[in-house]
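Let's start with one chain on its own, the form predicted alone, as structure tokens.
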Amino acid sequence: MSFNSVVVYHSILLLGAPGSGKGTQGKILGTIPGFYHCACGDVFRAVDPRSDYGKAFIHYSSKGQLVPDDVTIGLWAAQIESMERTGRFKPETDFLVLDGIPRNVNQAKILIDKLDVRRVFHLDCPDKSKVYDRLKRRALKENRIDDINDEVIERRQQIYEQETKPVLDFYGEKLITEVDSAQLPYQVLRDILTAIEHHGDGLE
């Protein structure tokens, strides 16, 4: 697929299993000047059903089928370029904080010429019981009752291990910072910001 914009986005990726807190950290970082947060869920919620990619998204999602990678990335590109046009995202000065994209290695390959990935934060929680508790609390809060089921949670964890975790290998260990996501949110944020400063990834 081709992108309308020739701009390459300086990017920070938040990678972690469901319940790792990457969405929380992305939202916090997005409130800091110089960072723009874009989550996969936000892209899907903002879909324009009249666009070609929007029609394709609805075609697959309405049938409960997985949305193909090229459609997902097409929707993502349209959303980002819209944020550029409206001035909400300024790629010449802002770091793009991505959460949920790329979701697999194929998506990372599609985006290889579009993203200048400066750092990948792997939010990892060795204590899986904490992850399960987080997901159940979130499900109750957001009225996502199906997500309370242990089998559903386990299946989502397996999908992450099989499809998304290999993205770490794609980018390589030099770009990866391991973060203990079992900590309190402010402690996780502290570790992320410290790593950004340490690696010289801050805005200049």
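This structure is a prediction, so every number in the text was calculated from the model and none was measured. Note that residue numbering begins at 1 and tracks the sequence as displayed.
There is another form of this protein, the form predicted together with ligand ADP, and it is not shown here; the text below is about that form.
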Which of 65, 149, 31, 162 has a heavy atom within 4.5 Å of ligand ADP in the model of the complex? 65
Can you pick out, from 166, 49, 41, 172, the residue that has a heavy atom within 4.5 Å of ligand ADP in the model of the complex? 41
For the chain shown here without its partner, which stretch in 113-121, 126-134, 95-103, 81-89 has non-hydrogen atoms within 4.5 angstroms of ligand ADP in the model of the complex? 95-103
May I ask whether 45, 72 and 138 all come within 4.5 angstroms of ligand ADP in the model of the complex, judged by heavy atoms? yes
is_contact(residue 156, ligand ADP) in the model of the complex, heavy atom dist at most 4.5 Å: yes
Ligand ADP contact in the model of the complex: residue 57, any heavy atom under 4.5 Å: yes
Considering only heavy atoms, tell me if residue 177 and ligand ADP come within 4.5 Å of each other in the model of the complex. no
Across 18-33, which residues bring a heavy atom to within 4.5 Å of ligand ADP in the model of the complex? 18, 19, 22
